[in-house]
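Next up: just one chain, as structure tokens, the form predicted alone.
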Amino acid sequence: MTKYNCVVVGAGPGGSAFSKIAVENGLKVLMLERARNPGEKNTSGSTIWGNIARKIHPDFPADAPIERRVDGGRLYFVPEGKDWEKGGYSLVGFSHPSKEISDPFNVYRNVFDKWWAEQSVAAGAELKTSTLVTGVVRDANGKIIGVIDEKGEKYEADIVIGADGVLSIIGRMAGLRPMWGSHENCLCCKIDWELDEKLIDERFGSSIEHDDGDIGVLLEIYFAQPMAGNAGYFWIFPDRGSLALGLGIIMNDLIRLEHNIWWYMWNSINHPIVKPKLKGGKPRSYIAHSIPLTNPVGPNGTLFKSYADNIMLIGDAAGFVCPIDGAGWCGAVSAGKIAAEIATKALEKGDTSAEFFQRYQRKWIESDVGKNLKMGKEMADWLTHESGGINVLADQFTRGLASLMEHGTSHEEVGSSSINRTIKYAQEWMALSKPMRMLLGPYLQLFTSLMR
């Protein structure tokens, strides 16, 4: 049996990022992937960030299979019970500030994730697909020293990397976490909607032509109780010849809702604002999956440690998904790089203990990974609950925009003013202590109900 420096369970964004950096540092790495090809099971909106990708591939996008460049987007706030066809909703446009900050691209994850993993293989990692890891291998002292697949084959390693998604058998068998609770788990569903490229350009194009002659696109995000309940959102992310239509709702809230998640998906697709934009297209694939929406940084998170003796967790396995938007690609990739650097140092020193791997957790908490998780959790709590809920905010936005428009403010000025006021309000609200926000929450809801 071949022994490796690192066995990586899961060849998704984080696992592949770890593997490429690790083999470039001279480590012997094996990736085990349960799917036939990496990317088959994702429910991602499929927007990735070029500035993060360049941490792993300095010349990105180079020959990467990119679908579209993203130049900005539209945020829709759609209150319940309004006449949407007569403008009973608010629309705020946004643009990305610079390539250094975001540099977003849309990708078709079934193709892109395969390419992403292949770059790690080209660098020297081994990849074994259609391999389901079902358990771990322990030494005489009970420490994990490898994994075992469903066929009984064992793979030993100095370090095991759990990049095995929301259910993470590695995280659970290492004693780092139980299953995510319903209050920190989001169910997502996605439809790949086939649509002619010219229609996509007409309906979602940014009109910005890039150096390669490609026309950029705009993302669309809908915060709307009639479309995604009070704790989720619906999205449309344009690709070359299809749209990624997605919807996610926090499991705890979904349990209390009257309908299942696919009802909300079809309600969104047939909504008067959305339906005309999809005309002429048709669905060609469906998928549903859950993602963690928690805050493993603070005391309210389920996961208090992302490491153990010989173990590090990355990506969804560690809860690295921003709770405000469900984005996990950046956190997985950034943490994968951090973990690879820590693994290299650990093997150089001959120390793969939990004590040594504490520095992995410290580094990702101090990085943008930890900062985004903390901020995202606080903002998500405010948006979906403490502020009075999505429907209250959508109603306030719509009435506020209508009032400004009546007084001669341009649509561009309205959008900028509204988004800035909302950010300022959210920042002031977040500055209050958690107990104070909980105390004031009911009064905010009462106040907004009286304003209707």
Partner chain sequence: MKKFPAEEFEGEKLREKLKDLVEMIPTKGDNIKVNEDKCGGCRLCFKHCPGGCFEIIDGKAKYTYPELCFECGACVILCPTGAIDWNYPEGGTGVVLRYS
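Residue numbers count along the first chain shown, from 1. Bear in mind the structure is a predicted one, so any value in this text is a computation, not a measurement.
The discussion below concerns the form predicted in complex with its partner chain, not included here.
So, Arg69, Ser102 and Val297: all three within 4.5 Å of its partner chain in the predicted complex by heavy atoms, or not? No: none of Arg69, Ser102 and Val297 comes within 4.5 Å of its partner chain in the predicted complex.
Answer option from Leu218, Leu254, Ala327, Ile145, heavy atom within 4.5 Å of its partner chain in the predicted complex: Residue within 4.5 Å of the partner: Leu254.
With its partner chain left out of view, which of Glu348, Asp211, Glu150, Glu355 would have a heavy atom within 4.5 Å of it in the predicted complex? By the 4.5 Å criterion, the partner-contacting residue is Glu150.
In terms of non-hydrogen atoms within 4.5 angstroms, which of the given stretches 311-319, 120-128, 203-211, 183-191 touches its partner chain in the predicted complex? Stretch 183-191 is the one.
Any chance Glu378 has a heavy atom within 4.5 Å of its partner chain in the predicted complex? No, no contact at 4.5 Å.
Does its partner chain come within 4.5 Å of any heavy atom of His57 in the predicted complex? Answer no; every heavy atom of His57 is more than 4.5 Å from its partner chain in the predicted complex.
Using a 4.5 angstroms cut-off on non-hydrogen atoms, would Lys279 count as touching its partner chain in the predicted complex? Lys279: no contact with its partner chain in the predicted complex.
Is the gap between Arg284 and its partner chain in the predicted complex 4.5 Å or less for some heavy atom pair? Because a heavy atom of Arg284 falls inside 4.5 Å of its partner chain in the predicted complex, the answer is yes.
Residues in 260-284 with any heavy atom within 4.5 Å of its partner chain in the predicted complex: Those in contact are Asn260, Ile261, Trp262, Trp263, Trp266, Asn267, Asn270, His271, Pro272, Pro283, Arg284.
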